[in-house]
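Only one chain is included here, represented as structure tokens and corresponding to the form predicted alone.
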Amino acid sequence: MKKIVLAYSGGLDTSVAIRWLKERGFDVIACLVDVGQKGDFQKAKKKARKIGASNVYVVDAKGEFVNDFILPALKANAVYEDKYFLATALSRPLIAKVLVEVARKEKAKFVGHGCTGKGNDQVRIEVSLSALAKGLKVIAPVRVWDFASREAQIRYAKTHKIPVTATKKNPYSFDENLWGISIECGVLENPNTEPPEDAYQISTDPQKAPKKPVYITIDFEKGEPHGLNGKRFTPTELINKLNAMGGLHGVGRSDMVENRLVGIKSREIYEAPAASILHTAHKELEALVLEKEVLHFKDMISSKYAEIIYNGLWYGRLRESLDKFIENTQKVVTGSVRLKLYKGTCAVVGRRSKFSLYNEKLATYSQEDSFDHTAAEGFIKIWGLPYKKR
């Protein structure tokens, strides 16, 4: 029997995929990669076996996800099209890596996933697989099966007694991990429709958030967050705490029409409280400690780095090369940033660092001003000389 390792989430697509693959003669090995998504993994494991999986792996990859994927993206200030913190996109190369490891252990020649034919994740997973292993064949059931809609999948699941949470009344598709949640389908497919509150999973409606703001201080060491309000935490612990705090205050929501890799525009909503807070703080600290030319050049790098992640090219040489530059910039990104969380907003209200390039005596307009104003006239003449000649 043909053996296939299927990236399994426990959701509608991959639950139906187990049965679908079994009907076509595959020995299905389900692989659930824990990157911080909520859920009862033991229940999901039992469900996979009940549907027909011969074996189920549950791999705890949270630490690797944070250290090897989230932190590099944070240091790079990687945000796709200024709104998407790339939570789903960052998890895909890691999931592909785990699939390869399990396939080698099981001596499987096939790997499978539940991505659609017009989504980005199919590219991210399959390009990563091709970079990490030779000879593995990919089966993508959702690309080839004859279900015309999610409603048809739900009917199939009911017919074959496959337990799923998606219904006609709640048709949303969720993808969740430590770094955020992506939400699509249902009424969200109309870009002119306001997202219903029941679509959001971890953040409070800003209008119903606490009436008083909360102030927090985040400590960074060489670009990595390690402290909250004077207490030291691992990055994973800190992300969990900030997701809870930010979510309570309605921070981290975004509603965007994005340009997908496959050439279409899609409307999705995202929740990423911790990512929103940490990116805001990290970028503000860089503004304090990095020279102008480095800071401006890094802005260009940030955009490219986000595209690399979004486009599924994590395991390429360009990302590895950019990491070398980014790591060099982070040597001085040490210090603290104070923020105010209030009704959906995250505002910086203070920042300090021993590597600060800010000089109050040069910046002030008080009697303490030490800036040489007389030098400005000559500077302006030289700076504007090319324009005067023109």
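Being a predicted model, the structure only gives us computed values, none of them experimental. In this text, residue numbers run from 1 along the sequence as written.
Form predicted together with a small molecule: not shown, discussed below.
> Pick from 133-141, 93-101, 113-121, 190-198: which stretch has non-hydrogen atoms within 4.5 Å of the small molecule in the predicted complex?
Heavy-atom contact with the partner occurs in 113-121.
> Can you work out which of Trp179, Trp314, Tyr270, Tyr305 has a heavy atom no more than 4.5 Å from the small molecule in the predicted complex?
The residue from Trp179, Trp314, Tyr270, Tyr305 that makes the contact is Tyr270.
> Which one, Glu224, Glu106, Glu184, Glu126, lies within 4.5 Å of the small molecule in the predicted complex by heavy atoms?
Looking at Glu224, Glu106, Glu184, Glu126 one by one, just Glu184 meets the 4.5 Å heavy-atom criterion.
> Does any part of Phe220 reach within 4.5 Å of the small molecule in the predicted complex? Heavy atoms only, please.
It does not: once the small molecule is placed as it appears in the predicted complex, Phe220 has no heavy atom within 4.5 Å of it.
> At 4.5 Å between heavy atoms, is Phe174 in contact with the small molecule in the predicted complex?
Heavy-atom contact with the small molecule at 4.5 Å: present for Phe174.
> Using heavy atoms and a 4.5 Å limit, would one call Ala89 a contact residue for the small molecule in the predicted complex?
Yes, Ala89 is a contact residue.
> Is Glu284 a contact residue for the small molecule in the predicted complex, using a 4.5 Å heavy atom cut-off?
Result no; Glu284 lies far from the small molecule in the predicted complex.
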